[in-house]
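Below sits a lone chain in C-alpha coordinates, taken as the form predicted alone.
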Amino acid sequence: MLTRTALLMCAVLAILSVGVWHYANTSADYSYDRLLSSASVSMLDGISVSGEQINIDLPYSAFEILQLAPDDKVFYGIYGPKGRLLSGYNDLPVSNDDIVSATQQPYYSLRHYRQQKVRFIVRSKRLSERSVAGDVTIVLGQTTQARDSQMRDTLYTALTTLMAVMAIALLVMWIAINRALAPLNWLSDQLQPDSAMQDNSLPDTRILEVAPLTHAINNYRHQWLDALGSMRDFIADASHQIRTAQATTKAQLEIALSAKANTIDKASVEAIYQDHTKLTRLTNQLLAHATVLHRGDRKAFFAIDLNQMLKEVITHAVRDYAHTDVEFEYLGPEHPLSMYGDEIVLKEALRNIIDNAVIHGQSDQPDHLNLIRISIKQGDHSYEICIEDSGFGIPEHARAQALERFAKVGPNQHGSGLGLAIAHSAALTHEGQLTLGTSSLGGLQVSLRLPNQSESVTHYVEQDHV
(Lines give C-alpha, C1' and ligand atoms only; values in the text may rest on other atoms or scores of the structure.)
Protein backbone atom coordinates (compact mmCIF):
# COMPACT_ATOMS: atom_id res chain seq x y z
CA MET A 1 0.00 0.00 0.00
CA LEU A 2 2.82 2.39 0.89
CA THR A 3 4.71 1.54 -2.31
CA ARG A 4 1.70 2.15 -4.52
CA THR A 5 0.99 5.41 -2.73
CA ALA A 6 4.62 6.48 -3.23
CA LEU A 7 4.41 5.66 -6.95
CA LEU A 8 1.18 7.64 -7.23
CA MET A 9 2.78 10.60 -5.46
CA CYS A 10 5.79 10.42 -7.79
CA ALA A 11 3.45 10.59 -10.76
CA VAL A 12 1.69 13.59 -9.19
CA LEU A 13 5.09 15.17 -8.50
CA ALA A 14 6.08 14.75 -12.15
CA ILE A 15 2.88 16.45 -13.30
CA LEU A 16 3.29 19.26 -10.78
CA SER A 17 6.94 19.69 -11.83
CA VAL A 18 5.84 20.45 -15.38
CA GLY A 19 3.38 23.01 -14.05
CA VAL A 20 5.98 24.57 -11.73
CA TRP A 21 8.51 24.76 -14.57
CA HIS A 22 5.98 26.53 -16.76
CA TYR A 23 5.11 28.92 -13.93
CA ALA A 24 8.80 29.67 -13.24
CA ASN A 25 9.43 30.46 -16.92
CA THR A 26 6.33 32.61 -17.17
CA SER A 27 7.07 34.57 -13.99
CA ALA A 28 10.72 35.20 -14.99
CA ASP A 29 9.71 36.34 -18.47
CA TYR A 30 7.03 38.58 -17.03
CA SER A 31 9.46 40.27 -14.62
CA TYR A 32 12.27 40.94 -17.08
CA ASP A 33 9.95 41.72 -19.97
CA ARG A 34 8.64 44.59 -17.89
CA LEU A 35 12.22 45.87 -17.56
CA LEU A 36 12.69 45.67 -21.33
CA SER A 37 9.35 47.39 -21.88
CA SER A 38 10.18 50.25 -19.49
CA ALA A 39 13.63 50.71 -20.99
CA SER A 40 12.26 50.73 -24.55
CA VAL A 41 9.65 53.34 -23.63
CA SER A 42 12.34 55.57 -22.07
CA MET A 43 14.50 55.24 -25.17
CA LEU A 44 11.62 56.11 -27.51
CA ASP A 45 10.90 59.17 -25.39
CA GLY A 46 14.42 60.37 -26.14
CA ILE A 47 13.76 60.46 -29.91
CA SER A 48 12.72 63.85 -31.28
CA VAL A 49 12.52 65.69 -34.63
CA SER A 50 14.45 68.87 -35.38
CA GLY A 51 13.73 70.24 -38.82
CA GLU A 52 14.18 67.33 -41.14
CA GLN A 53 16.49 65.52 -38.74
CA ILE A 54 15.67 62.84 -36.19
CA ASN A 55 17.55 63.41 -32.96
CA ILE A 56 18.29 60.48 -30.67
CA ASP A 57 19.02 61.23 -27.03
CA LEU A 58 19.22 57.94 -25.16
CA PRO A 59 18.30 58.63 -21.51
CA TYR A 60 20.58 57.30 -18.79
CA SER A 61 17.52 56.06 -16.87
CA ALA A 62 16.82 53.43 -19.52
CA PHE A 63 20.18 51.80 -18.93
CA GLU A 64 19.77 52.07 -15.17
CA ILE A 65 16.60 49.98 -15.50
CA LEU A 66 18.51 47.31 -17.39
CA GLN A 67 21.27 47.38 -14.76
CA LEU A 68 18.90 45.41 -12.50
CA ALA A 69 20.39 42.42 -14.37
CA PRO A 70 24.07 43.41 -14.08
CA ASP A 71 25.51 40.26 -15.69
CA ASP A 72 23.39 40.51 -18.82
CA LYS A 73 24.45 42.25 -22.04
CA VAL A 74 22.23 44.73 -23.86
CA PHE A 75 21.86 45.15 -27.63
CA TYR A 76 19.74 47.71 -29.39
CA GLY A 77 18.94 49.14 -32.79
CA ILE A 78 16.84 52.20 -33.80
CA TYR A 79 15.28 52.24 -37.24
CA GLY A 80 13.76 55.22 -39.04
CA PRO A 81 10.48 55.47 -40.99
CA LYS A 82 11.90 53.73 -44.06
CA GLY A 83 13.65 51.02 -42.07
CA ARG A 84 16.99 52.86 -42.14
CA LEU A 85 19.25 52.16 -39.21
CA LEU A 86 19.67 55.29 -37.15
CA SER A 87 21.69 53.91 -34.22
CA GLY A 88 22.81 50.65 -32.69
CA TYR A 89 23.75 47.24 -34.05
CA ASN A 90 23.10 46.59 -37.70
CA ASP A 91 23.01 42.79 -37.51
CA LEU A 92 20.24 42.19 -35.00
CA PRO A 93 18.15 39.05 -35.80
CA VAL A 94 14.96 41.01 -36.46
CA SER A 95 13.07 40.90 -39.75
CA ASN A 96 10.85 43.48 -41.42
CA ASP A 97 7.81 41.40 -40.47
CA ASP A 98 8.74 41.78 -36.80
CA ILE A 99 9.01 45.55 -37.26
CA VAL A 100 5.65 45.69 -39.00
CA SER A 101 4.07 43.61 -36.22
CA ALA A 102 5.35 46.08 -33.61
CA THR A 103 3.34 48.97 -35.10
CA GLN A 104 0.24 47.75 -33.30
CA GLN A 105 1.74 46.59 -29.99
CA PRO A 106 5.13 45.61 -28.58
CA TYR A 107 6.49 42.36 -29.95
CA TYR A 108 8.62 39.96 -27.87
CA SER A 109 10.79 37.14 -29.18
CA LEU A 110 13.63 34.88 -28.02
CA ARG A 111 16.48 34.60 -30.51
CA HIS A 112 20.09 33.42 -30.60
CA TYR A 113 22.50 36.30 -31.22
CA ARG A 114 26.25 36.11 -31.03
CA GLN A 115 26.04 32.58 -29.54
CA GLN A 116 23.81 33.70 -26.70
CA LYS A 117 20.12 33.56 -25.95
CA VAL A 118 18.70 37.05 -26.18
CA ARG A 119 15.22 38.29 -25.36
CA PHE A 120 14.16 41.05 -27.77
CA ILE A 121 11.39 43.62 -27.66
CA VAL A 122 10.32 45.51 -30.77
CA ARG A 123 8.41 48.73 -30.13
CA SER A 124 7.37 51.54 -32.51
CA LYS A 125 6.62 55.23 -32.13
CA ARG A 126 4.70 57.38 -34.61
CA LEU A 127 6.31 60.61 -35.82
CA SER A 128 3.76 63.11 -37.12
CA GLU A 129 5.94 66.06 -38.03
CA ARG A 130 5.52 67.61 -41.50
CA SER A 131 9.14 67.15 -42.40
CA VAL A 132 9.42 63.68 -40.99
CA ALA A 133 6.39 61.38 -40.90
CA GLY A 134 6.31 57.65 -40.16
CA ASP A 135 7.22 55.11 -37.52
CA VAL A 136 10.44 54.96 -35.60
CA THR A 137 11.15 51.45 -34.28
CA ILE A 138 13.47 50.40 -31.48
CA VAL A 139 14.74 46.86 -31.12
CA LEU A 140 16.07 46.23 -27.62
CA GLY A 141 17.58 42.93 -26.53
CA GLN A 142 18.96 41.52 -23.31
CA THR A 143 20.67 38.20 -22.59
CA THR A 144 18.78 35.74 -20.36
CA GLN A 145 21.23 34.94 -17.57
CA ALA A 146 19.27 36.78 -14.88
CA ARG A 147 15.90 35.49 -15.95
CA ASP A 148 17.24 31.92 -16.23
CA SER A 149 18.67 32.23 -12.74
CA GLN A 150 15.33 33.45 -11.39
CA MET A 151 13.52 30.63 -13.17
CA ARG A 152 15.85 28.03 -11.63
CA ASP A 153 15.53 29.54 -8.16
CA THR A 154 11.72 29.51 -8.39
CA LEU A 155 11.70 25.98 -9.80
CA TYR A 156 14.09 24.54 -7.21
CA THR A 157 12.32 26.23 -4.32
CA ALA A 158 8.90 24.96 -5.45
CA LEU A 159 10.17 21.43 -6.13
CA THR A 160 11.94 21.30 -2.77
CA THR A 161 8.74 22.37 -1.03
CA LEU A 162 6.69 19.80 -2.95
CA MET A 163 9.11 16.98 -2.19
CA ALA A 164 9.21 17.94 1.48
CA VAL A 165 5.39 17.95 1.63
CA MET A 166 5.21 14.55 -0.11
CA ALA A 167 7.88 13.10 2.18
CA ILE A 168 5.93 14.26 5.21
CA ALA A 169 2.73 12.86 3.66
CA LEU A 170 4.42 9.47 3.08
CA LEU A 171 5.72 9.44 6.64
CA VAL A 172 2.25 10.21 8.01
CA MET A 173 0.74 7.57 5.73
CA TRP A 174 3.33 4.99 6.82
CA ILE A 175 2.44 5.65 10.45
CA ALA A 176 -1.28 5.53 9.65
CA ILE A 177 -0.96 2.28 7.68
CA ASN A 178 1.00 0.64 10.48
CA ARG A 179 -1.58 1.73 13.03
CA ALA A 180 -4.44 0.61 10.78
CA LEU A 181 -2.87 -2.80 10.13
CA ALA A 182 -1.67 -3.31 13.68
CA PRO A 183 -4.87 -5.24 14.59
CA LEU A 184 -4.30 -7.61 11.68
CA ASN A 185 -0.68 -8.07 12.68
CA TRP A 186 -1.83 -8.86 16.20
CA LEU A 187 -4.34 -11.35 14.82
CA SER A 188 -1.66 -12.99 12.65
CA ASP A 189 0.63 -13.31 15.66
CA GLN A 190 -2.18 -14.99 17.60
CA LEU A 191 -3.04 -17.43 14.80
CA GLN A 192 0.47 -18.36 13.64
CA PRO A 193 1.57 -20.52 16.61
CA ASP A 194 -1.75 -22.41 16.75
CA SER A 195 -2.51 -25.60 14.88
CA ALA A 196 -5.78 -25.98 12.99
CA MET A 197 -6.51 -29.04 15.12
CA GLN A 198 -6.14 -27.28 18.48
CA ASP A 199 -9.22 -26.17 20.34
CA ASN A 200 -7.74 -22.82 21.29
CA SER A 201 -9.89 -19.72 21.15
CA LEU A 202 -8.42 -16.37 20.31
CA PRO A 203 -8.19 -14.11 23.35
CA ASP A 204 -10.60 -11.23 23.72
CA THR A 205 -9.28 -7.94 22.46
CA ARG A 206 -10.13 -4.33 23.12
CA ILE A 207 -9.45 -3.42 19.50
CA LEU A 208 -12.93 -2.63 18.25
CA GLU A 209 -12.05 -3.28 14.60
CA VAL A 210 -10.79 -6.80 15.31
CA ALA A 211 -13.24 -7.97 17.96
CA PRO A 212 -15.97 -9.09 15.45
CA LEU A 213 -13.34 -10.89 13.38
CA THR A 214 -11.93 -12.77 16.39
CA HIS A 215 -15.43 -13.84 17.39
CA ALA A 216 -16.13 -15.03 13.85
CA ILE A 217 -12.84 -16.97 13.74
CA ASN A 218 -13.57 -18.57 17.12
CA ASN A 219 -17.06 -19.60 15.99
CA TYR A 220 -15.72 -20.97 12.72
CA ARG A 221 -12.98 -22.89 14.53
CA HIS A 222 -15.49 -24.42 16.95
CA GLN A 223 -17.78 -25.45 14.08
CA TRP A 224 -14.81 -26.87 12.20
CA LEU A 225 -13.61 -28.86 15.21
CA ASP A 226 -17.15 -30.09 15.94
CA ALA A 227 -17.53 -31.25 12.35
CA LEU A 228 -14.08 -32.84 12.46
CA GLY A 229 -14.93 -34.59 15.73
CA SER A 230 -18.19 -35.90 14.29
CA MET A 231 -16.32 -37.14 11.23
CA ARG A 232 -13.74 -38.90 13.38
CA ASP A 233 -16.43 -40.56 15.48
CA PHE A 234 -18.32 -41.57 12.35
CA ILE A 235 -15.22 -43.07 10.75
CA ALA A 236 -14.31 -44.90 13.93
CA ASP A 237 -17.80 -46.32 14.38
CA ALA A 238 -18.08 -47.22 10.69
CA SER A 239 -14.70 -48.96 10.72
CA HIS A 240 -15.67 -50.97 13.78
CA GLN A 241 -19.03 -52.01 12.32
CA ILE A 242 -17.61 -52.96 8.92
CA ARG A 243 -14.72 -54.91 10.47
CA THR A 244 -17.19 -56.79 12.68
CA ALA A 245 -19.40 -57.69 9.72
CA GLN A 246 -16.42 -58.74 7.61
CA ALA A 247 -15.00 -60.85 10.43
CA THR A 248 -18.34 -62.64 10.84
CA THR A 249 -18.60 -63.30 7.08
CA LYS A 250 -15.01 -64.56 7.00
CA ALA A 251 -15.69 -66.92 9.90
CA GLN A 252 -18.75 -68.36 8.13
CA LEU A 253 -16.72 -68.84 4.95
CA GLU A 254 -13.99 -70.67 6.88
CA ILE A 255 -16.60 -72.97 8.38
CA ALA A 256 -18.02 -73.69 4.92
CA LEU A 257 -14.56 -74.35 3.48
CA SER A 258 -13.69 -76.73 6.31
CA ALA A 259 -16.65 -78.97 5.46
CA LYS A 260 -16.13 -82.22 3.61
CA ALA A 261 -15.60 -82.14 -0.14
CA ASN A 262 -18.69 -82.10 -2.35
CA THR A 263 -20.76 -81.29 0.70
CA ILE A 264 -22.78 -78.06 0.89
CA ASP A 265 -23.78 -76.91 4.35
CA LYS A 266 -27.01 -75.05 3.70
CA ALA A 267 -26.98 -73.49 7.17
CA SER A 268 -23.50 -72.08 6.57
CA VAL A 269 -24.48 -70.69 3.16
CA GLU A 270 -27.60 -69.15 4.72
CA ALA A 271 -25.48 -67.57 7.48
CA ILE A 272 -23.03 -66.23 4.89
CA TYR A 273 -25.93 -64.79 2.91
CA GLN A 274 -27.36 -63.10 5.98
CA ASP A 275 -23.98 -61.64 6.94
CA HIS A 276 -23.44 -60.40 3.37
CA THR A 277 -26.90 -58.80 3.39
CA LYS A 278 -26.13 -57.06 6.68
CA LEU A 279 -22.78 -55.84 5.34
CA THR A 280 -24.40 -54.52 2.17
CA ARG A 281 -27.10 -52.71 4.12
CA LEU A 282 -24.55 -51.32 6.54
CA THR A 283 -22.41 -50.00 3.68
CA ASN A 284 -25.41 -48.43 1.97
CA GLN A 285 -26.55 -46.80 5.17
CA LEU A 286 -23.07 -45.46 5.90
CA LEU A 287 -22.95 -43.91 2.45
CA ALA A 288 -26.46 -42.55 2.89
CA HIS A 289 -25.56 -41.04 6.25
CA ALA A 290 -22.46 -39.40 4.75
CA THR A 291 -24.58 -38.04 1.88
CA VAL A 292 -27.13 -36.58 4.29
CA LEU A 293 -24.42 -34.89 6.35
CA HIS A 294 -22.69 -33.48 3.27
CA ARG A 295 -25.86 -32.13 1.66
CA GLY A 296 -26.97 -30.82 5.03
CA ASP A 297 -23.97 -28.50 5.05
CA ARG A 298 -24.78 -27.20 1.56
CA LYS A 299 -28.54 -26.71 2.09
CA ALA A 300 -29.31 -26.72 -1.62
CA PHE A 301 -33.10 -26.61 -1.34
CA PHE A 302 -35.56 -26.70 -4.24
CA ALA A 303 -39.31 -26.72 -4.60
CA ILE A 304 -40.67 -30.26 -4.24
CA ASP A 305 -44.09 -31.91 -4.04
CA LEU A 306 -44.07 -33.70 -0.69
CA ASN A 307 -47.16 -35.76 -1.52
CA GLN A 308 -45.71 -37.06 -4.80
CA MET A 309 -42.37 -37.81 -3.14
CA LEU A 310 -44.09 -39.90 -0.43
CA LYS A 311 -45.95 -41.89 -3.05
CA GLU A 312 -42.69 -42.68 -4.87
CA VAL A 313 -40.99 -43.82 -1.67
CA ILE A 314 -43.96 -46.02 -0.69
CA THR A 315 -44.10 -47.52 -4.19
CA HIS A 316 -40.46 -48.59 -3.96
CA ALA A 317 -41.00 -49.98 -0.45
CA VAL A 318 -43.98 -52.08 -1.60
CA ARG A 319 -41.88 -53.45 -4.43
CA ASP A 320 -38.87 -54.22 -2.22
CA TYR A 321 -40.93 -55.97 0.49
CA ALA A 322 -43.42 -57.74 -1.75
CA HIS A 323 -42.03 -61.12 -0.57
CA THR A 324 -42.96 -60.36 3.07
CA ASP A 325 -46.32 -60.26 4.81
CA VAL A 326 -46.00 -56.54 5.55
CA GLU A 327 -48.85 -54.35 4.36
CA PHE A 328 -48.60 -50.65 3.68
CA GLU A 329 -51.24 -48.00 4.13
CA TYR A 330 -50.98 -44.38 3.01
CA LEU A 331 -53.24 -41.65 4.31
CA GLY A 332 -52.60 -38.42 2.50
CA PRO A 333 -54.33 -35.72 0.49
CA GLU A 334 -54.72 -35.89 -3.25
CA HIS A 335 -53.59 -32.30 -3.90
CA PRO A 336 -49.87 -31.38 -4.09
CA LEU A 337 -48.03 -30.30 -0.95
CA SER A 338 -45.34 -27.86 -2.01
CA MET A 339 -42.32 -26.99 0.09
CA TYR A 340 -38.65 -26.20 -0.28
CA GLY A 341 -36.24 -28.92 0.69
CA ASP A 342 -33.60 -31.41 -0.41
CA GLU A 343 -35.48 -34.26 -2.08
CA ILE A 344 -32.52 -36.67 -1.95
CA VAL A 345 -32.06 -36.18 1.79
CA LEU A 346 -35.79 -36.53 2.53
CA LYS A 347 -36.08 -39.71 0.44
CA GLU A 348 -33.11 -41.25 2.27
CA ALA A 349 -34.72 -40.38 5.60
CA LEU A 350 -38.12 -41.82 4.67
CA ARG A 351 -36.61 -45.01 3.21
CA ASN A 352 -34.61 -45.63 6.36
CA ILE A 353 -37.63 -45.01 8.60
CA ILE A 354 -39.74 -47.45 6.53
CA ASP A 355 -36.91 -50.01 6.45
CA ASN A 356 -36.56 -49.64 10.19
CA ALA A 357 -40.31 -50.17 10.60
CA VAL A 358 -40.20 -53.30 8.43
CA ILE A 359 -37.26 -54.81 10.32
CA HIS A 360 -38.30 -53.88 13.85
CA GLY A 361 -42.07 -53.51 13.47
CA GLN A 362 -43.00 -57.14 12.82
CA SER A 363 -44.48 -59.38 15.45
CA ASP A 364 -43.85 -63.11 15.84
CA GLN A 365 -47.39 -63.75 17.04
CA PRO A 366 -49.56 -65.85 14.70
CA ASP A 367 -52.38 -64.16 12.81
CA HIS A 368 -50.85 -60.78 13.64
CA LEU A 369 -51.27 -58.16 10.94
CA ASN A 370 -47.94 -56.51 10.20
CA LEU A 371 -49.08 -53.09 9.05
CA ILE A 372 -47.08 -49.95 8.33
CA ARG A 373 -49.17 -46.77 8.08
CA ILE A 374 -47.82 -43.61 6.50
CA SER A 375 -49.77 -40.39 6.92
CA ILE A 376 -49.15 -36.72 6.45
CA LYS A 377 -50.72 -33.73 8.16
CA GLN A 378 -50.52 -30.13 7.01
CA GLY A 379 -50.26 -27.37 9.60
CA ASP A 380 -50.11 -23.61 9.29
CA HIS A 381 -46.36 -23.47 8.72
CA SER A 382 -45.25 -27.08 8.70
CA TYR A 383 -45.91 -30.63 7.54
CA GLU A 384 -45.85 -33.69 9.78
CA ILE A 385 -45.14 -37.12 8.31
CA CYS A 386 -46.05 -40.04 10.62
CA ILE A 387 -44.85 -43.60 10.03
CA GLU A 388 -46.42 -46.17 12.37
CA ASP A 389 -45.86 -49.91 12.76
CA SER A 390 -47.55 -52.65 14.71
CA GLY A 391 -44.43 -54.10 16.35
CA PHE A 392 -43.12 -53.97 19.89
CA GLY A 393 -42.09 -50.29 19.82
CA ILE A 394 -39.32 -48.67 21.84
CA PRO A 395 -39.54 -47.98 25.56
CA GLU A 396 -39.87 -44.32 26.38
CA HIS A 397 -36.60 -44.19 28.34
CA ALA A 398 -34.65 -45.57 25.35
CA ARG A 399 -36.10 -43.35 22.61
CA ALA A 400 -33.45 -40.64 22.89
CA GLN A 401 -30.72 -43.26 22.61
CA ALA A 402 -32.39 -44.74 19.53
CA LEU A 403 -31.60 -41.57 17.57
CA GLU A 404 -27.85 -42.03 18.04
CA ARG A 405 -25.62 -43.75 15.50
CA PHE A 406 -25.25 -47.53 15.81
CA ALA A 407 -27.64 -47.57 18.77
CA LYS A 408 -29.75 -50.74 19.03
CA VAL A 409 -32.62 -50.74 21.50
CA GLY A 410 -35.61 -53.00 22.02
CA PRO A 411 -35.89 -56.75 21.75
CA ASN A 412 -34.94 -56.88 18.06
CA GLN A 413 -31.20 -56.27 17.76
CA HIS A 414 -31.05 -56.77 14.00
CA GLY A 415 -29.95 -53.94 11.75
CA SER A 416 -27.10 -51.47 11.90
CA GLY A 417 -28.59 -48.83 14.17
CA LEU A 418 -28.28 -46.08 11.54
CA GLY A 419 -31.84 -45.75 10.22
CA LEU A 420 -33.24 -43.33 12.80
CA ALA A 421 -29.89 -41.48 13.01
CA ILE A 422 -30.07 -40.75 9.28
CA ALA A 423 -33.66 -39.54 9.63
CA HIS A 424 -32.70 -37.38 12.60
CA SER A 425 -29.86 -35.75 10.61
CA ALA A 426 -32.24 -35.09 7.72
CA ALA A 427 -34.70 -33.40 10.08
CA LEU A 428 -31.97 -31.15 11.48
CA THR A 429 -30.88 -30.28 7.94
CA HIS A 430 -34.38 -28.94 7.24
CA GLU A 431 -34.58 -27.25 10.66
CA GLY A 432 -37.27 -29.76 11.56
CA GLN A 433 -37.72 -32.30 14.32
CA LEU A 434 -37.86 -36.09 14.59
CA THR A 435 -39.81 -37.50 17.53
CA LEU A 436 -40.63 -41.05 18.65
CA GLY A 437 -43.90 -42.05 20.22
CA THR A 438 -46.40 -44.86 20.65
CA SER A 439 -48.38 -45.81 17.57
CA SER A 440 -52.14 -46.33 17.53
CA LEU A 441 -51.28 -49.72 15.98
CA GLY A 442 -49.42 -50.68 19.13
CA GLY A 443 -45.88 -50.24 17.90
CA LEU A 444 -43.60 -47.25 17.25
CA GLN A 445 -44.64 -43.97 15.71
CA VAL A 446 -41.94 -41.88 14.05
CA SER A 447 -43.01 -38.27 13.41
CA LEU A 448 -40.98 -36.12 11.02
CA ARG A 449 -42.00 -32.47 11.32
CA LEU A 450 -40.76 -30.25 8.47
CA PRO A 451 -41.25 -26.48 8.39
CA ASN A 452 -42.52 -25.05 5.12
CA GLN A 453 -39.47 -22.87 4.42
CA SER A 454 -40.75 -21.40 1.18
CA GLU A 455 -39.35 -17.96 1.99
CA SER A 456 -36.38 -18.55 4.27
CA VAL A 457 -34.50 -20.84 1.88
CA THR A 458 -35.05 -18.93 -1.33
CA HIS A 459 -31.56 -17.52 -0.89
CA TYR A 460 -30.04 -21.00 -0.95
CA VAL A 461 -31.93 -21.93 -4.10
CA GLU A 462 -30.80 -18.85 -6.02
CA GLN A 463 -27.23 -19.27 -4.81
CA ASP A 464 -27.16 -22.87 -5.98
CA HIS A 465 -28.44 -21.90 -9.44
CA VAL A 466 -25.73 -19.30 -9.78
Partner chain sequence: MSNYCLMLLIVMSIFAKVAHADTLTIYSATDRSAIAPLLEEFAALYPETNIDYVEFNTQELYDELVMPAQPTPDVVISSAPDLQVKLVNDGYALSLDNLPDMSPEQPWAQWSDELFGFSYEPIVFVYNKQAFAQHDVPTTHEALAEQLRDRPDFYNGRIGTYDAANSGLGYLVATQDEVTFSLTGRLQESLGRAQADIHCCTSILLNKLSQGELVFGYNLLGSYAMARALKDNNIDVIVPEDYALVVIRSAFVHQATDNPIVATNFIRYLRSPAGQKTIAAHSALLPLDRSLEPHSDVRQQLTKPTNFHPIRLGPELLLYLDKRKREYFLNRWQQVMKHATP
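All values reported here derive from a predicted model rather than from experimental measurement. Positions refer to the first chain, counted from 1.
A second form of this protein, the form predicted together with the partner chain, is not displayed here; the remarks below concern that form.
Within 4.5 Å of some heavy atom of the partner chain in the model of the complex lies at least one heavy atom of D72. The partner chain in the model of the complex is not approached by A402, whose heavy atoms all lie more than 4.5 angstroms from it. Although the partner is absent from this view, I54 contacts the partner chain in the model of the complex, with a non-hydrogen atom inside 4.5 angstroms. Using a 4.5 angstroms threshold between heavy atoms, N218 stays clear of the partner chain in the model of the complex. The candidate stretches are 98-106, 176-184, 82-90, 132-140, and the one lying within 4.5 Å of the partner chain in the model of the complex by heavy atoms is 82-90. Residue in contact with the partner chain in the model of the complex (any heavy atom within 4.5 Å), chosen from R114, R232, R152, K250: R114.
Contact annotation: of the candidates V49, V41, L58, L428, the single residue with a non-hydrogen atom within 4.5 angstroms of the partner chain in the model of the complex is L58.
Contact annotation for 304-326: no residue has a non-hydrogen atom within 4.5 angstroms of the partner chain in the model of the complex.
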